[in-house]
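First, one chain by itself: the form predicted on its own, in structure tokens.
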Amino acid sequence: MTSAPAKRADMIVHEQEPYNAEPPRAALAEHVITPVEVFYGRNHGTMPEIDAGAWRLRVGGMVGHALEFSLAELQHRFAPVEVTATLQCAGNRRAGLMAFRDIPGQHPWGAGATSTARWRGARLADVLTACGLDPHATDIAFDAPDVAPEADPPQPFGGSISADKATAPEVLLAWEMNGEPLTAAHGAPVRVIVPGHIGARSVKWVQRITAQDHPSDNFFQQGAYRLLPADTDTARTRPGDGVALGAVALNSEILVPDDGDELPAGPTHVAGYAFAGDDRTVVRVDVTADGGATWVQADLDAQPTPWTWRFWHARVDVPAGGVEITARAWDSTAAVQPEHAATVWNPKGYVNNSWPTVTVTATPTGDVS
């Protein structure tokens, strides 16, 4: 096992073992490409410490010939590719749902369970082709060594994605992050990167890949990462209930100012991120400081790639007193975020993509505290 990763001192730690932490909002706003020490950490079990020289990746199932690869073989046999992509935990912004109605037993993730990095590795499609992927395979399953006690009985983490997504050119078996070898905390020696899908599908420390004609039977595919209706009795759910989470829903967040900030009344710089999974892009963000009576259309920064978040910023006139600043985003399919957390609340606290709001106190110009 390994100790907690080297992260910023002001990380918001939800759990020390297994390590689950997110950066403060302002730290995310500093870089479009998130530094490793700022990148959020999400784990279900103790992080394994793996000897890269002894590590092997086994690929089998519905393939013409099962193969085994060392790290050196992956790096030399397959053309390396770099993809800049945002990873977002399915529980990102869960705290907003918990403010509406409690969700026992879940971490109160804020806005920071999402980050962006430059990933370098081999295309999963190239590896599957080398193994002779059966065209009748519908799903590609991933298995890792980290054991999660929340499963009953405890089992290693795993999951799957569709064969169509697995053979898309953006999906990687990555060994580098932001130009450096992966750290143990982020999946060394090799992890899966599935751009546009929830972070749980980008399995860390991957050691086995299986082509098959059904989704993974792993607890985290069949039980954990599934969206359940609000009225579900979670004590009576069975594996396969609900909707398996895949592509990230359209989402946005305000990073500056922070919730609870005190600032001068008047024109105020408001900034944040917006993200739409799969092949959708963010096309518009609006901001209001008067309850929606008027909206300011934000300026959108360029996206590094189609698989990343989009930073936005606006100048908004903030009146004196306690003020709620709210944003909303649209994507390239003309979808807009739902307005209220009440409409998306669910018993696991996933996919809170309701309008983000921060509350600030604005002091009239010239007042002295």
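From a predicted model like this one, the values you see are computed outputs, not experimental measurements. A residue's number is simply how far along the shown sequence it sits, counting from 1.
Although it is not shown, the form predicted together with a small molecule is what the next lines describe.
Of the heavy atoms in Ala185, some are within 4.5 Å of the small molecule in the predicted complex. For Ala85, no non-hydrogen atom is located within 4.5 Å of the small molecule in the predicted complex, even though that partner is not displayed. Although the partner is absent here, Trp312 lies well away from the small molecule in the predicted complex, with no heavy atom inside 4.5 Å.
Although the partner is absent from this view, Ala111 stays clear of the small molecule in the predicted complex, with no non-hydrogen atom inside 4.5 angstroms. Note on contacts: among Ala144, Leu97, Leu124, Ile161, the single residue with a heavy atom within 4.5 Å of the small molecule in the predicted complex is Ala144.
Proximity to the small molecule in the predicted complex, taken as a non-hydrogen atom within 4.5 angstroms, holds for one residue of Ala211, Ala298, Cys131, Ala200, which is Ala200.
Across the options 40 to 48, 57 to 65, 333 to 341, 320 to 328, residues that bring heavy atoms within 4.5 Å of the small molecule in the predicted complex belong to 40 to 48.
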